[in-house]
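Below you will find one chain, with nothing else, as structure tokens; this is the form predicted on its own, and questions on how it binds or moves follow later.
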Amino acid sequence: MKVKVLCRNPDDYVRETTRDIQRVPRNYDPTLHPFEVPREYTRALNATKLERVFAKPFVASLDGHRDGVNCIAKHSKSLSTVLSGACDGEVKLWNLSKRECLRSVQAHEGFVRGICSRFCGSSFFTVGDDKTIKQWKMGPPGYGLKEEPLNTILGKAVFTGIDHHQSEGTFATCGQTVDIWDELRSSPIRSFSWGVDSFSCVRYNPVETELLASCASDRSIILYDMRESTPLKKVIMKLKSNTLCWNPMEAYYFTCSSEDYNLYTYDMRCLDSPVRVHMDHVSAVLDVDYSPTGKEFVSASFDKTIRIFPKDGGHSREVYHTKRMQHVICVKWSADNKYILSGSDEMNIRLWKANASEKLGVLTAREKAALHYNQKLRDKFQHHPQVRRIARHRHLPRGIFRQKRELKEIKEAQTRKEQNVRKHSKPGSVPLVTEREKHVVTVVE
């Protein structure tokens, strides 16, 4: 039997003489409160709850297209201007601050496959199913003048994507080959192909501007250098990648969206396995775009949701969905790091807040101080079970919730089967393959 005994040392509280001051076991410093941590924990819990209460990410809907929105592009100089292309060949220029359409151009016959702004912001380029590349003036035509492109280039095959150089008058297109074009010439100055039928996406590196990457139909991601005549190398994956996006702050890293419901972040110096696998979607991921800070990226999926991932995190920190939103085809992160634009099948462009609970408009000094204090409290207590549970919880539509549970059961069954095979096989005959290595077939130099 244990006996707990209170043990006190008389030296701590007994005076040596009657003239001594009484010893008091208290701290009279008003800044040191005896219940400081419990009080801060309660405040952090309340701040986390209020953050979820005020999490209303949807800002506005831009409607006006008569067919599904197939591509979105940001203006290279203006924060409030956005370009969008639809499946009926129509291109629209939007003013986000006024939430209205500035111009409509019937650019192509059939789908608008790609759209990009020139680096100076004076014009933009579009490609479509009619095998043409068209350059359009950013401003409206003069009074009484007809809407005509500045330049039209007729290609040999359908173009599926376009991207412009960051500081020079060259742009890249993809289709049956990846072509580098000069704005002043009607034929490509360089063409790349590596035994591939077609390409779905091409992107310039925003830091190392001579580098490009493309997604091909043979499940590969190919890297190019404009200074060389042949591609650098390619990585072949288990399933096809739809799009990719370079990290604007870290030149070596890019993230690709795949048909196997995942996103993969690669370091171009070592393509043997991805740096990180980002999992949460329950259907094919169709588009991806990085934030200007390079710390997060947003993905659009066929499962009718948008998810925001930290670049080093395997799971999303946020998921956006509405009842009306259908398959999300394209997504962009605004250049001021505050908003996200998404284009979907049901002809709408939606504007979302990048931080769901952020208050829009001018903040007073007291509001800023309170928000900063609450954020610090949430960061301090983020690993406590109650705070973490409230902060991580997200409501999902019933269909997505069921699909997620089903995918979890499938993965658990596969893992269990692998363990059983390894257990009943000769030691070393069944190698242990990590999650990151599973999805890469080979790297070709």
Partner chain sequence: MSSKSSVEAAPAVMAAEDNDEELSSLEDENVISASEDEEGSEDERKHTKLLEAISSLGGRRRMKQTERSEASLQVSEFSVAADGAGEKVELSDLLGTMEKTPGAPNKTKKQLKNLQNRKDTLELPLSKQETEKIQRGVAYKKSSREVSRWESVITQNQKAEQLVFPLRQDPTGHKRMEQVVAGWKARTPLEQEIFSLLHSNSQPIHDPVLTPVEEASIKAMSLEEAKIRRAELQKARALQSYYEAKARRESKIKSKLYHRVQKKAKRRDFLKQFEEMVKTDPDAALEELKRMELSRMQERMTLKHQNSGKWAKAKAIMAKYDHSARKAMQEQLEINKDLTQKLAVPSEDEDEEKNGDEEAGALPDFVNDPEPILDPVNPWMRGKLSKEEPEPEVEASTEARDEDLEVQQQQEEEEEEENEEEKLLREFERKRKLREDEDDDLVPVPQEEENQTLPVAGAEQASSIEVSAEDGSKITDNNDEDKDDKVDEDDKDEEEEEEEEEEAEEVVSEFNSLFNRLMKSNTTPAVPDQNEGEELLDEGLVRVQTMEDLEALRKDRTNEANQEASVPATDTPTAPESASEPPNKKKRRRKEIDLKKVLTKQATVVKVPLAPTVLEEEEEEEAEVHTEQAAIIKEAFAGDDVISDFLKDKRKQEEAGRPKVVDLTLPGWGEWGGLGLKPSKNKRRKFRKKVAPPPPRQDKKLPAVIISEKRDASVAAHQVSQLPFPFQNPTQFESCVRTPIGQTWNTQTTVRKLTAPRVVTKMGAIIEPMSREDLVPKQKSNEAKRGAAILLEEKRERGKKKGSGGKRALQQKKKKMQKQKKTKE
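Residue numbers count along the first chain shown, from 1. As the structure is a prediction and not an experimental result, all values here were calculated from the model.
Absent from the display: the form predicted together with the partner chain. The rest refers to it.
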- Considering the partner chain in the model of the complex, find the one stretch among 248-256, 135-143, 182-190, 122-130 with heavy atoms no farther than 4.5 Å from it. 248-256
- Query: For the spot marked by Glu36, Pro292 and Arg317, is every residue within 4.5 Å of the partner chain in the model of the complex through some heavy atom?
  - Reply: yes
- Query: So which of Gly110, Gly169, Pro206, Pro149 gets a non-hydrogen atom within 4.5 Å of the partner chain in the model of the complex?
  - Reply: Pro206
- Query: Of Met347, Leu239, Cys101, Met279, which residue is found within 4.5 angstroms of the partner chain in the model of the complex when only non-hydrogen atoms are counted?
  - Reply: Met279
- Partner proximity in the model of the complex: Gln403 to the partner chain, non-hydrogen atom cutoff 4.5 Å: no
- Item | in the model of the complex, Glu228 touching the partner chain (heavy atom, 4.5 Å) | yes
- Non-hydrogen atom contact Arg416 with the partner chain in the model of the complex at 4.5 angstroms: no
- Is there a heavy atom of Val275 lying 4.5 Å or less from a heavy atom of the partner chain in the model of the complex? no
- Message: Only counting heavy atoms and a 4.5 Å limit, does any residue of 134-149 reach the partner chain in the model of the complex, and if so which ones?
- Response: none
